[in-house]
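Just one chain is shown here, as structure tokens, and it is the form predicted alone.
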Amino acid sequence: MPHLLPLADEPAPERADAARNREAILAAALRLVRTQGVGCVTMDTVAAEAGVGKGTLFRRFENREGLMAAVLNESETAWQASVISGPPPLGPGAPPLERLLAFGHSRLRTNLTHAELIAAAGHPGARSAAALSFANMHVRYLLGELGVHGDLLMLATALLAPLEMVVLDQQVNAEHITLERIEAGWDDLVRRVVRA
């Protein structure tokens, strides 16, 4: 039986025009990020590109950081879809160790690709709690499939930490470590956790 009134803990349904505006804004921001780079994207340029007023943009996202976080979450959603249903080895169909290694390489490269966007979203941990939870849950699942024992939450967190932007920025930009070396080091860490 459908609810006649919204429940107290349910968010208000989004109006159709608000949903259209949100989609137009996010599509415009993503286009501008791809064509002009994150540094050139302002609230003014996004509003003009999306064909909405600046007030609409600020009501929806509050500030540039909020907008960049929303764009980041859109790219995160696409990346998660490739993990859940994309082709192997990242997606289903490959052995768990192969999937875990592919996951780490993909996460590392995705973070580096979106480094400017992550920074523009406010801080290295600007991804939503749901995005971080997804990555941790997926790594825990694969560790379980591999028969790893122990505190899988902590092991997954330890495996994910080297893939975060704050660590990658230090390694790649300050220490000039190659991606190949970082990936090899991460693979070694994974194999040590799996063997233990």
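A quick note: this is a predicted structure, and the numbers were derived from the prediction, not measured. When you see a residue number, it is the position in the sequence shown, counting from 1. The term rigid core refers to the maximal set of C-alpha atoms that superpose within 1.5 Å between the two forms.
There is another form of the same protein, the form predicted in complex with a further copy of the same chain; it is not shown, and what comes next is about it.
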Answer key, a further copy of the same chain contact in the predicted bound form at 4.5 Å (heavy atoms) among V38, L30, V52, V148: the residue is V148
Next item on the list: Indicate whether the candidate residues A16, R22 and E76 are all in contact with a further copy of the same chain in the predicted bound form, with contact defined as any heavy atom within 4.5 Å.
Entry: no
| said: G66 versus a further copy of the same chain, in the predicted bound form: is there a non-hydrogen atom within 4.5 Å? | reply: no
> Does L155 make contact with a further copy of the same chain in the predicted bound form, using a 4.5 Å heavy atom cut-off?
Replying inline: yes
Original post:
Is there a heavy atom of Q171 lying 4.5 Å or less from a heavy atom of a further copy of the same chain in the predicted bound form?
Top reply: yes
In the predicted bound form, does A47 have a heavy atom within 4.5 Å of a further copy of the same chain?
no
Within 4.5 Å of a further copy of the same chain in the predicted bound form, heavy atom basis, the matching stretch of 57 to 65, 38 to 46, 22 to 30, 158 to 166 is 158 to 166
Contact check, 168 to 187 vs a further copy of the same chain in the predicted bound form, heavy atom within 4.5 Å, ordered by sequence, gives D169, Q170, Q171, E175, I177, R181, I182, G185
Could you check, with the core superposed, whether the Cα atom of E164 shifts 2 Å or more between the shown form and the other one?
no
